[in-house]
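Form predicted alone, single chain, as structure tokens, below.
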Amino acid sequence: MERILIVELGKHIGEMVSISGWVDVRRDQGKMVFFDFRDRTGLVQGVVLSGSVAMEIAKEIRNEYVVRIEGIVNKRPEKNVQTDRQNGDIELEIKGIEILNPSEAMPFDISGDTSGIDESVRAEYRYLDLRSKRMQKNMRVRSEFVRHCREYLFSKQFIEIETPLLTESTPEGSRDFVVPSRLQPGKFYALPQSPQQYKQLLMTAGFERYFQVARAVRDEDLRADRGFEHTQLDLEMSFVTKEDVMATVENMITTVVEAMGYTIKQKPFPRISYKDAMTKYGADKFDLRTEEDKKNGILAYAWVVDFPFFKKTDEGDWTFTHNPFSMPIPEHFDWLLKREHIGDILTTQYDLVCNGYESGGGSIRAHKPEILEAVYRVMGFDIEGLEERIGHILKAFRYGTPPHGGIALGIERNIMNLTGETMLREVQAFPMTRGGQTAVMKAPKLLTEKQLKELGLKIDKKWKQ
């Protein structure tokens, strides 16, 4: 018999059907055994009646067993209808049960909110944690958000292109995660902190409108809204101004979140300069919601613009505030080329904030070699240093790179806003713990001597445990 999804059972009243899923709840009342069964589409109640051939096996089954059920879909008597729950007007009269796989006793209760359970236990049994209603919802919201974004971008003639996971280590930005090369001993790849340079090279290649759902990896200190790994919706556009990119992103976000049933506090999104944000809120990410807005799940988006391009390091040198590949605002273009008024130069950076989180950030990019060279000169690089760090992209810019700009939207941060979660790990399927331990699998861990030898590596005795 063909499997029927639980959500479709209401169309089969009076029919014998087959469902497959998990035992969500079991209630043994002696002469009758009641079950709630679940699959990916929802819940339904079933009952095994006294004298049924299925009674013996029904007495054996426990919560979280995986089963195949055959039974008749019956209408419930009017007095027993539960209007506040899915399939509250029907009941499955169970005629047969097949245990597809039993379950041991669960290490923790997944019937409610699991956020209060010890982090290490949740990580060890993440595949069970993900069965809980809240985590199922979070993963489905994430998938729906990404799907809607993809559909929007395809409708605007963007092309989806993947960029490499093994790339070159760059000293700017956060620390890299590095990967030793077996074929070239002593040399290392780096995992990408973002596809920044590759997407600019794709603009040079003439694709004009690119996006990808990109994995990014940064070896930076962990906190509630930051992890070693994250996913970003990365996009880039040629022949555009700052206004063009911001309008595209704002329209996409509005289209997507409203299609998902959410309400936006203010449209168009308010804009505030970095200087005014710091004066008014003390930070460049802020929450514009009232308490009533928070209760009602309102989304309060805003743009922050006019960021300083450079800031002083602890050593007194200059470094970038966001990324070195940005353009200054047109009024400060000559200042950059002449390396004058460095602390006053503003960049074309634009950050999207929502409900107190930075949800995305981008800029119009440098697309001529002299602009990018000027940025690195401000930061103290000489000719040799420029060639070592960015020689490849300077070369590309000499072959007709168009003006371009883009943005990266953090998937996790956006899903936190949609779900109301405050921890990054609550919207990732397999997150790391605060100590950097992977979920389920035991990484990081030592390599074998054979692996180390193949890579030409030796571990200092002081690091061995």
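The model shown is predicted, which means the values in this text are computed figures rather than measured ones. Numbers for residues come from their place in the sequence shown, where the first is 1.
Just so it is clear, the following notes concern the form predicted in complex with a small molecule, a form of the same protein that is not shown.
- Comparing 24 to 32, 42 to 50, 62 to 70, 407 to 415 against the small molecule in the model of the complex, the single stretch with non-hydrogen atoms within 4.5 angstroms of it is 407 to 415.
- No residue in the set 163, 192 and 231 has a non-hydrogen atom no more than 4.5 Å from the small molecule in the model of the complex.
- Residue in contact with the small molecule in the model of the complex (any heavy atom within 4.5 Å), chosen from 209, 126, 218, 332: 218.
- Interface residue among 204, 359, 323, 238 relative to the small molecule in the model of the complex, by the heavy atom within 4.5 Å criterion: 323.
- In the model of the complex, the small molecule stays beyond 4.5 Å of every heavy atom belonging to residue 138.
- Contact between residue 132 and the small molecule in the model of the complex is not found at the 4.5 Å heavy atom cutoff.
- For residue 142, no non-hydrogen atom is located within 4.5 Å of the small molecule in the model of the complex, even though that partner is not displayed.
- Though the partner is left out of this view, residue 363 does reach within 4.5 Å of the small molecule in the model of the complex, counting heavy atoms only.
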